[in-house]
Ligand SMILES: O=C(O)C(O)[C@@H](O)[C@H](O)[C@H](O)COP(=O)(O)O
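A lone chain, given as structure tokens: the form predicted on its own.
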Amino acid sequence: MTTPQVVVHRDKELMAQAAAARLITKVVDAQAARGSASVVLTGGRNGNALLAALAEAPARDAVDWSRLDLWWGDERFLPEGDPERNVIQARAALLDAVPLDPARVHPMPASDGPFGHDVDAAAESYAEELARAAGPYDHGPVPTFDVLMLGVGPDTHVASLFPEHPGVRETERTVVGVRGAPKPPPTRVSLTLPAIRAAREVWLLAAGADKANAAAIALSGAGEIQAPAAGAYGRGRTLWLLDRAAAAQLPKQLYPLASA
């Protein structure tokens, strides 16, 4: 387990811009070192704001988009093309504007796809896709993602792993179907904590006063069953990217002096 690092930005706009610049650097460095890079995207307002900032970043063309693998941490189990699906929002924010290799973009299955409404079969299929992409030097049945991004919910959920729900207790499977989620839609597909922890770096994004209590709980030693964000960490680095409103309740010893 890596010790979380906390970076606090003045506001959500600056946080999105700084995170986008940070992501460009990480992807370029990974491509220089290994020829390609892999990133796990997150939805929600902060994940989409980061992608929109990346679309406008002057340095975005430093990335070789054809050598980037994109995965998702979770998805709303809705029909293909539904505007609430994370992949549709990501395409609108960034993906349709950059020259990605379609074979390296890995959306989670839709509810009108080959598995119909069987969310467990959809989750198993995505787990199999991850396993096929994992190499002999990866840590288990998922690729060693360069960066895995997660939004943090007001209840401390990450991906679609909610407090006390079965998915957050999973220790073997890498992807699970989620039923009865406490926020709509109730049916989802999600990476599990073991899959999340395979990433080199895990970035947790939180902006706004409604995230302040969640950030404080997760960063103050809470258990992962009660606070899933507390169980999300990377192999090499765990980075919390906050704005001042989301950092307002952090213990003083966690609030970084050098934040922007």
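Counting begins at 1, following the sequence as shown. Owing to the predicted nature of the structure, the values given are computational and were not obtained by experimental measurement.
The following text describes the form predicted together with the named molecule, which does not appear among the structures shown.
*Would you point out which of 58 to 66, 228 to 236, 191 to 199, 35 to 43 contains residues with a non-hydrogen atom within 4.5 Å of the named molecule in the predicted bound form?*
Careful reading of the contacts points to 35 to 43.
*Does any heavy atom of residue 123 come within 4.5 Å of a heavy atom of the named molecule in the predicted bound form?*
No.
*Contact of residue 179 with the named molecule in the predicted bound form (heavy atom, 4.5 Å)*: Output for residue 179 is no: heavy atoms all beyond 4.5 Å of the named molecule.
*asked:* in the predicted bound form, is there a heavy atom of the named molecule that lies within 4.5 Å of any heavy atom of residue 132, even though the partner is absent here?
replied: No, residue 132 sits far enough from the named molecule in the predicted bound form that none of its heavy atoms falls within 4.5 Å.
_Please tell me whether any heavy atom belonging to residue 143 falls inside 4.5 Å of a heavy atom of the named molecule, as the geometry stands in the predicted bound form._
Residue 143 lies outside the contact set for the named molecule.
*Heavy atom within 4.5 Å of the named molecule in the predicted bound form: which of 183, 139, 117, 169 fits that? Just give me the one.*
For this set of options, the contacting one is 183.
*Taking heavy atoms and a 4.5 Å limit, what residues of 157 to 176 are near the named molecule in the predicted bound form?*
Going through 157 to 176 in order - heavy atoms within 4.5 Å of the named molecule in the predicted bound form - the hits are 157, 158, 159.
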